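Here you get one chain, nothing else, as C-alpha cells; it is the form predicted alone.
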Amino acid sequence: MSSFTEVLVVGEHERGTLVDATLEALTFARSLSDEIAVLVCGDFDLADRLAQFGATTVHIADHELLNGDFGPEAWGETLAQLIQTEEPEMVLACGTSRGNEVMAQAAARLDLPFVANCIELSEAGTEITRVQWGGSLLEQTALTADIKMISVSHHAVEPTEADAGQPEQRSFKPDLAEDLARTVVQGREIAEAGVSLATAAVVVGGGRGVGSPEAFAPLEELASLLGGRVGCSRAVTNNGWRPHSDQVGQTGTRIAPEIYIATGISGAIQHWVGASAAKQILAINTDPDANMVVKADYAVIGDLHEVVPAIVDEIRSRQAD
C-alpha cells in the first residue's frame, strides 16, 4: 500500500545530463508512492530516462536562470514555488551536497522543516532514521509537518529501474528575481579528463603510510591498470602530498566503487564515512588491528611498498599472456 498520494522528487542534473543521485531518489520514492512527480530545473528533455525509474509526471521549469548551469537560490526558489502550486505531501531529493542545498533553500523560503540524509521512513513518514555525525551514529527523529521535506542519504539506495510508461509533462514558469543569478555557476575548469573519483568503479587509496608524494607512483600505476582513480586520506592532503580533490571522506569525496583498495590507511571515522559505500574493500596495512583492516572485506597484512608492486607485476603478467 502506498504511503503518499504523490511524491515530488528534485531532478538533479548536470546541465541537462541526469545524475545517478536522482535515480537513487526515484528508487526510494517508489517505496512511498505509485505517483512520482519530478521537478527538472531548466528546459531539458529528461522525461524518458526519468520514466525508466518510475516518474509519472515531469514538471519542466523553464526560465533563463535555469537553462544554463546550476544555481542553488534559483533552483531552491523554483522548488518552493512548485510546492506552493502542487502542495505535495512529500518532497524528496538525494542527499548530495547539491540536493541538500536546494532542499534547504526551499524549506527556508516556505518555513518548513527539512530532514537530511534519511535511510528509513515509517509508512506515514512521521518517524525517520537518518545518518548523523558523518555516519558515526543513526538518529531517530519525528517529522509532523503537513508537507514533509527529506533527502535520502547518498549511496544508501541502489538505483533500480521500474518503467512507468510515458510520463505526463507539464510546463512550469517560475517567477525568479534577477538577483538570484548571483549564485548561478558562471564557468567551470575541468582539471583532468576521464573517470572522476566519485564515479570510479575502482579506487586505490593511499594514507600516511605511503610515506611521500613520490611513493604514490605505484598506486597511480595500479589504478591505471584497473581503469580507476587514486584517492587519499585527509592526512595526505594535510601534508600537501595530494590535492584536496583526491581526498576520500566526510570532508572530501564520498565514493561507491566496486572495489576500494585502501593502502596505508588507518581508517579514521571521517575517512570510513566516505568509503563505506564501496561494494568491496581490500585493505593493505602492516597493522592487523587498524580500523580499515578490521572493517574491510579482505586484508593483506604487509608492507604496501612490497604488496602493491607485486599486484602490479601480476596484473601485467596476466595481461601479457
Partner chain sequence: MTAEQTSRIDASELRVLVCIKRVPAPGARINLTDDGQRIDTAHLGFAMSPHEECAVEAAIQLTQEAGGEATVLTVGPEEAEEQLRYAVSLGIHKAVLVKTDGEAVNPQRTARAIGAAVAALEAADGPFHLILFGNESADSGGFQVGIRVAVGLGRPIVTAIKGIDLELEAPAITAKREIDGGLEIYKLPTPAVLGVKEGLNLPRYPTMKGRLASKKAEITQFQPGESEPDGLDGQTSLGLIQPPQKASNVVRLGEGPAAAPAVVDLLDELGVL
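Residue numbers count along the first chain shown, from 1. Throughout, rigid core stands for the largest set of C-alpha atoms superposing within 1.5 Å between the two forms. Everything numeric here is computed off the predicted structure, so don't read it as measured data.
Below: the form predicted in complex with its partner chain, not depicted.
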Per-stretch contact check against its partner chain in the predicted bound form, the hit in 79 to 87, 156 to 164, 210 to 218, 234 to 242 (non-hydrogen atom, 4.5 angstroms): 234 to 242
Whether Ser171 contacts its partner chain in the predicted bound form should be assessed with a 4.5 Å heavy atom distance threshold; does it? no
So, Gly267 and its partner chain: in the predicted bound form, are they within 4.5 Å at any heavy atom pair? yes
Ala107 near its partner chain in the predicted bound form, any heavy atom under 4.5 Å? yes
Residue-level contact is defined here as any heavy atom of the residue lying within 4.5 Å of its partner chain in the predicted bound form; does Phe44 satisfy this criterion? no
Neighbours of its partner chain in the predicted bound form among 102 to 120 [non-hydrogen atom within 4.5 angstroms]: Ala104, Gln105, Ala107, Ala108, Arg109, Asp111, Leu112, Pro113, Phe114, Val115, Ala116, Asn117
Does the distance between the two CA positions of Pro113 reach 2 Å or more between this form and the one not shown, the core being superposed? no
Taking the rigid core as reference, does Gln247 move its C-alpha 2 Å or further between this form and the one not shown? yes
Is_shifted Met90 between this form and the one not shown (CA, 2 Å cut-off, rigid core): no
